[in-house]
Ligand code: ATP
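So this first bit is one chain, no partners, the form predicted alone, shown in structure tokens.
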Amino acid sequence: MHIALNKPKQLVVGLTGGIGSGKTAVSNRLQALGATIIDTDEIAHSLTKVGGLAMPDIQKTFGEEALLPDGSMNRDYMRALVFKDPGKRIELEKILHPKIRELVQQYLNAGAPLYFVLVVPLLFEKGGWGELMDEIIVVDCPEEQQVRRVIQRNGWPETQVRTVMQNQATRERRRAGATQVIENNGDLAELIEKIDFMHQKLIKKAQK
């Protein structure tokens, strides 16, 4: 059951993409250009750090193994658990999702000078966000490039990267649901040029 969210008057741009596609590079650049970023992954991290609002429920539901010695969530343990058991994933989502949505609403209520960018990595897999968004930007690149980037960034074995990708929406599904696609198959300078161009279009739309 999703908590219904109230859409603000300002432009809300959804930002998503598969693992290793370059979402963070895009959101960092848009933030530097003045957009107000609301990142659901960062909110989830804040909820599961030491003293995070979700930690009492996580401890009660999953036991002491789910905690690191400092009292934050043991991400490696929980990642393995929810991968193995879809029921556990649902239990974790029941704890996290309402709290994430509550915080997103607080940030939206605070307003934005230009426009909002709502970063939702699993936008097409989870649903429940589309009603807030005026635009949906998908960052996309070939799958082999995704694999290379994640291995380089996280040091994961290729099989782990591909398992994550298999649990995400296909590129075709994401591209079909986008109002705009940013192709991130070149270097950073090329990507920044595309983002800056898109930012100008978003500003015009936000001012209407």
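Just count from 1 along the sequence shown to find any residue number. Worth saying up front: this structure is predicted, and the values here are computed from it rather than measured.
Only in words, not in the display: the form predicted in complex with this ligand, which the text now covers.
Heavy atoms within 4.5 Å of this ligand in the predicted complex are found in exactly one of 54-62, 148-156, 173-181, 30-38, that being 148-156. A residue is said to contact a partner when one of its heavy atoms sits within 4.5 Å of a partner heavy atom; residue 10 fails this definition for this ligand in the predicted complex, lying far away. Within 4.5 Å of any heavy atom of this ligand in the predicted complex lies no heavy atom of residue 14.
Proximity of residue 187 to this ligand in the predicted complex: non-hydrogen atoms within 4.5 Å are present. At a distance threshold of 4.5 angstroms between non-hydrogen atoms, residue 191 is in contact with this ligand in the predicted complex.
Residues of 10-27 placing a heavy atom within 4.5 Å of this ligand in the predicted complex, in sequence order: 18, 19, 20, 21, 22, 23, 24, 25.
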